[in-house]
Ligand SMILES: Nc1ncnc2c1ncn2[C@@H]1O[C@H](COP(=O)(O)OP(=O)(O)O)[C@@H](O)[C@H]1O
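Before any questions on binding or motion, here is one chain by itself as structure tokens, the form predicted on its own.
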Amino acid sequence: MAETVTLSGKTSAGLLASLTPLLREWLPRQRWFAGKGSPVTGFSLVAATELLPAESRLGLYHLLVRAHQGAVPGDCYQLLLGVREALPPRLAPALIGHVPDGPLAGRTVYDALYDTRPTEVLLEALRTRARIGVLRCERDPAQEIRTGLIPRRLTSEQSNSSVVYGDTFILKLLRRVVPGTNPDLELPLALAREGCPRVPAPTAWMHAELDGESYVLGVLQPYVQGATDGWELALRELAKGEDFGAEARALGRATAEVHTALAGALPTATLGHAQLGPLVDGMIERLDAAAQAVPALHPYAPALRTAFTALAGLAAEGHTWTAQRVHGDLHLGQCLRAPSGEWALIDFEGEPARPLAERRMPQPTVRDVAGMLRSFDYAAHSADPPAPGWAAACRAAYCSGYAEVAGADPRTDPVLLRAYETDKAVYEVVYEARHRPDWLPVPLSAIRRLAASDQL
């Protein structure tokens, strides 16, 4: 790996100024950009590190930039920028733009995750536990990282980006980063200590140390070769008219195994009236805000609010619930089925739109269960024609499988389950309205059901 330096303040300022017009156009078009709907008014540089010298044939910069949108404090994004005289045709989709002035004047910059050499640099940094400017790489000494693994970028971009190395490892790079303990690293490490086989143990990870705070930037984990994600598998079985009940039941068991391991690895808490109050208040506030943001939700808001007030009523009567660390954003796309038939859970970041402190709070395990139940509904509505009966069968099988391991069926606490499923559906309505309006009818169909009934 080439010698690297952190840029001087003067060079960094000039670099950002020259890149700002390009980033203002490019960043909002990325799937993982969280600020859609508001124009980017400017950027501030959090950190810039040169990984390959820009004056060479291929330069490489690691940037942490804050995107400003009006008076709202900007989110911090991790960018890996390649620098070339000109892009070969294979890298055309990665183009960010041509730099007219500044330190990179006359050069072309692009998203380096599309390119082999820059992604090799990242793996080598992790393998050697590199310290580069503000960047810090750590690894599990018990796991070997071989050299010569061929990288390939995964095309299914979501809220982050991933690179697979030789079908051996997968590196997930967080795009929107925040200071603090990120559950996407924290929980898999805790599960590895518990010996839980349902989650690949982290092999290495990268973070930045800035002003006494740590920002997790990426996690390298074993790649489950030949695995199919649950969403793709469900759609495939739906298209063939095949029953998914056995898979849903096995997935329920896997979810309960992960919950059991998390309860053993990290502290749990008891939620009574005092503790549940803020949770219910948050659900109601999210509902009220969503009804204002999405007019189609407004007619259902009064009935939906009863899902939350009913839960508060149980707490007032003295009911208590156990809370623990959970996945936080569980759905079919966060699950992998290996060729052996075993299920694995991935992506423990939680819902990226929620604050980190909230994502790390102990929650009832039904939070994850509700997410998976909503995912079955999404899959069924993706079929042509929609298959609500398929979703109902999967939901029942999943809960039954969960009960086989956990010892309690989530359906035996319908008030709690309805509250969390309603909260999830409200979140989905806002998300789809902002990002995928064509999908809005899917959560709205659940909203109608949840508003009309307190049954699963």
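Given the structure is predicted, the values throughout are model-derived calculations rather than measurements. Sequential numbering from 1, following the sequence displayed.
From this point on, the text means the form predicted in complex with this ligand, which you will not see here.
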For this session: Check whether residue 78 has any heavy atom within 4.5 Å of a heavy atom of this ligand in the predicted bound form, and answer yes or no.
Result: no
Exercise. Taking heavy atoms only, is residue 221 within 4.5 angstroms of this ligand in the predicted bound form?
Worked result: yes
For this session: Consider residue 210 of the chain shown here, and say whether it contacts this ligand in the predicted bound form, taking contact as heavy atoms within 4.5 Å.
Result: no
Exercise. Can any non-hydrogen atom of residue 182 be found within 4.5 angstroms of this ligand in the predicted bound form?
Worked result: no
Exercise. All three of 158, 336 and 346 touching this ligand in the predicted bound form at 4.5 Å, heavy atom to heavy atom?
Worked result: yes
Seminar exercise, completed: Partner-free chain; cross-checking this ligand in the predicted bound form, the single residue of 238, 190, 312, 170 with a heavy atom within 4.5 Å is 170
Exercise. Pick from 364, 118, 200, 103: which residue has any heavy atom within 4.5 angstroms of this ligand in the predicted bound form?
Worked result: 200
Seminar exercise, completed: Only one of 315 to 323, 267 to 275, 355 to 363, 158 to 166 has residues with a heavy atom within 4.5 Å of this ligand in the predicted bound form, and that stretch is 158 to 166
For this session: Residue by residue through 135 to 155, tell me which have a non-hydrogen atom within 4.5 angstroms of this ligand in the predicted bound form.
Result: 154
